[in-house]
Each structure stands twice: as structure tokens, then as C-alpha cells.
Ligand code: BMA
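Single chain ahead, written as C-alpha cells, the form predicted on its own.
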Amino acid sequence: MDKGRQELVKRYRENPIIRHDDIPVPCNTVFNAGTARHKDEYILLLRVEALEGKSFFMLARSRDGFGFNIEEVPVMKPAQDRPFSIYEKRGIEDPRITKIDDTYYILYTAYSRHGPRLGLAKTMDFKTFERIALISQPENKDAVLFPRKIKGRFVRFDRPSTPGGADMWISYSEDLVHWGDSKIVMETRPGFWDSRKIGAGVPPIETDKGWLEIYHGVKQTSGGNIYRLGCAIFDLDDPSRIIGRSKIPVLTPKEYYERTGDVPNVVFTCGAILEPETEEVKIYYGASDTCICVATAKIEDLLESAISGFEEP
């Protein structure tokens, strides 16, 4: 790593990797894709915004993680049957994928006039998808599921919005449907790049130093919000305890495709893939709510960015 560089990640030279012109159905934009490895393929579950403004999910597959083939028809649309239909009338958004045993669980945002709340679906083969439950009250989004139980319970990070702010919380469950024992794990920081709101980005990555979470932080400026990415580390046995957090972002909007779009000055991740052989992380992110990009970083550098200079809250 070049210690003199602010950003630790390297953008793919052919970014963006997916634009709205690549989508085989009429749409406005494509962004904020959930990611997974399935057999010998990289999977992207794409958030696609239809012409009327509602989002749905399409699937893209790749052998190398950079060049993707997009399937012809959506794999999940806003539900037509109750109770999901009530809370998905304005679309489904920002999927995050976590594999537990042989099942891929998808946490997503169900959006309606009642506000955003969390939905849970599952698949085993990325061919058939089944909704399980709506698992939060509004206003809640930016949820990620841990890849294994901790002390016998499922664990998630999420981001309920309150009059006091938009911070990251942790919750626990016995069955993935009923959640509780909730508390704040990480708050916004006045004066920093993540001063206005924060939210979990990728499903936590287990390392020998702790659970690595790549999250987004928002700073409000006179010209609008700026979304950046940073890293945090949580204790392996007690993931409610934060033990590291980036003082400076690891990725910030700089390129034209990150600065110009439907929502300018945004880099926003919903998934990352760790390559065990190289210890490299592929970070997939939406840019300006308009396209999908990928960047790479060494996991040791991401961990170091969170540990260096960290002060206990």
C-alpha cells in the first residue's frame, strides 16, 4: 500500500461495469447491487429503476467478477400479494446477500407510502426466490446479515432513522423473522466525513482481527450530500462492540461517473467479495445512483485503515 495515498482502493480501469444501457429492459438507472459467489460464478443482484420510478431486481453473472452478463427478465418485482404488496408499492431497493449454510438470504428495503422497512427473501440457486417476511418497522433500511450465528443467534446491522439521527444498530434473532435485543453500535461523528448519517454496506466479513464492515457515511454540504465509504471493525464474539473505525474514507466520489448522475457525489456499496487466495476484496458500488462500479483493495489495508488511530467511543 502507498501510505501517502488517501484512498486504499483501486478503481477498475473500465468502470462503470454496468450502465442502464446494458439492462435488457427499459429503465432509468441501475445501481446498488447485492453480491455473492455461487459455485464458479460471481452474482450481482441489481437494483434497477423502471421508467415510472419504482425499483426491482435483475440478475447478472460473471466468471471473473468484472465482465457481467445480465439475464433477460427481472428475478424480483414489487410483490402483488399481501402482506408484501402493501409495503412494496413504491419498489424494492438495495439488496444485500448473505450465505448461511446452503441458503442465500437477501435483506432488502421494501418501500411504500408508509416509509422504508426491511424485507427478507431467500434463494438456493439464484433461479427461484422466495420472500420470507417483513422484519422491521419503518423507518429502517441499510441492513446486513452476519454470515453465521453468534452465541446461538442470528445477527444483523441495520439503520433505523429517528428524530435524533441515522446511526447503525445491531439486533438479534432466533429465527430470522423476530428481532430484538437492539442497541446502537456506531454513531455519526460531528465534523467528520460521516457526520450526517451512516449505514451498513456489505455483509460483515470475518477476519482474525474482527468483523470488517465496509459502511457508507454522509456529510451534508452547502451543495448537497456527499456519500463516501469507510471501514469499521467489531469484536468477533461480541459484535456490538466496535474496535476500529476509519478516520478518513477509503473511497470518495472523484471520477465523473461518481460525481454526475441522478444523485451526484455518491459511492454506495451493498456487497463485496473476499478472494481468499489473494486476500483481495472486490467492492461493488453504485455511483451517483446511475451505474455500477467495482474497486479492489487488500483486506489488510482495509483493516489497518479502521485500526489506525482509533479511539474508543
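For every residue, the number given is its place in the sequence shown, counted from 1. These figures come from a predicted structure and were not determined experimentally.
The discussion below concerns the form predicted together with beta-D-mannopyranose, not included here.
Query - Selected contact from 141, 196, 131, 228, since only one has a non-hydrogen atom within 4.5 angstroms of beta-D-mannopyranose in the predicted bound form - result: Comparing distances to beta-D-mannopyranose in the predicted bound form, the residue within 4.5 Å is 141.
Report task. Work out which of 274, 263, 248, 50 lies within 4.5 Å of beta-D-mannopyranose in the predicted bound form, going by heavy atoms. Result -> Selected residue: 263.
Query - Location of beta-D-mannopyranose contact in the predicted bound form, chosen stretch of 26 to 34, 276 to 284, 253 to 261, 60 to 68 [non-hydrogen atom, 4.5 Å] - result: Answer to the contact question: 26 to 34.
Query raised in the report: Is residue 289 a contact residue for beta-D-mannopyranose in the predicted bound form, using a 4.5 Å heavy atom cut-off?
Result: Taking the distances in the predicted bound form, the answer for residue 289 is yes, it comes within 4.5 Å of beta-D-mannopyranose.
Query - beta-D-mannopyranose contact at residue 268 in the predicted bound form, heavy atom, 4.5 Å - result: Yes, residue 268 sits close enough to beta-D-mannopyranose in the predicted bound form that at least one of its heavy atoms falls within 4.5 Å.
Requested in this report: Indicate whether beta-D-mannopyranose has at least one heavy atom within 4.5 Å of a heavy atom of residue 88 in the predicted bound form.
Outcome: Residue-level check for residue 88: no, no contact with beta-D-mannopyranose.
Query raised in the report: Taking the shortest heavy atom distance, is residue 94 within 4.5 Å of beta-D-mannopyranose in the predicted bound form?
Result: Residue 94 belongs to the contact set for beta-D-mannopyranose.
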